[in-house]
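Just one chain follows, in the form predicted alone, and it is written as structure tokens.
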């Protein structure tokens, strides 16, 4: 019951701050061909001061690897309740992941930043591989990653 309430509170915090309208946003992440196993990706949001707001998605199903998503893990204290119901499979080398979700309009043009941490088994971690301000002007603009992610867009 506690994790259900935490999930409900998180979903509400990210989709309805101030009882605002929400919009459907599609996050598209394309990975480089790095020649290793599937990547784990943690998608999360911070506010204008850099404080953790909430998790949006976790790609990768084995929780023993979540500690390698270093910045996400530090922000959440490794709390698996942050990702209940928003977890999918890891993403293979050279593949793309497309996720659609409702995000509150108040998250855009208000200083919020979307982050993606990535890690691949037996390869280097890439904390904060993507950090992109959530702005209406940034929608549809491809952002390159630093290691495993070739490009990321939101629309």
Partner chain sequence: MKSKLSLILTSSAVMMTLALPTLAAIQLQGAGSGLCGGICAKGFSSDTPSDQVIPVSGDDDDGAKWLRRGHDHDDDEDCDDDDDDDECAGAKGNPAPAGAVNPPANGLFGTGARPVVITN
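Positions refer to the first chain, counted from 1. Not measured: the values here are computed from a predicted model.
Not on display, but discussed next: the form predicted together with its partner chain.
Enquirer: Is there a non-hydrogen atom of residue 63 within 4.5 angstroms of a non-hydrogen atom of its partner chain in the predicted complex?
Expert: Contact check for residue 63: yes, within 4.5 Å of its partner chain in the predicted complex.
Enquirer: Considering only heavy atoms, tell me if residue 132 and its partner chain come within 4.5 Å of each other in the predicted complex.
Expert: Judged by the heavy-atom cut-off of 4.5 Å, residue 132 is well away from its partner chain in the predicted complex.
Enquirer: Considering non-hydrogen atoms and a 4.5 Å limit, does its partner chain approach residue 115 in the predicted complex?
Expert: Output for residue 115 is no: heavy atoms all beyond 4.5 Å of its partner chain.
Enquirer: Looking at the partner-bound form in the predicted complex, is residue 77 within 4.5 Å of its partner chain by any heavy atom?
Expert: It does not: once its partner chain is placed as it appears in the predicted complex, residue 77 has no heavy atom within 4.5 Å of it.
Enquirer: What residues in 120 to 155 sit within 4.5 Å of its partner chain in the predicted complex, counting heavy atoms only?
Expert: Sequence-ordered list: 120, 121, 122, 123, 124, 125, 126, 127, 146, 147.
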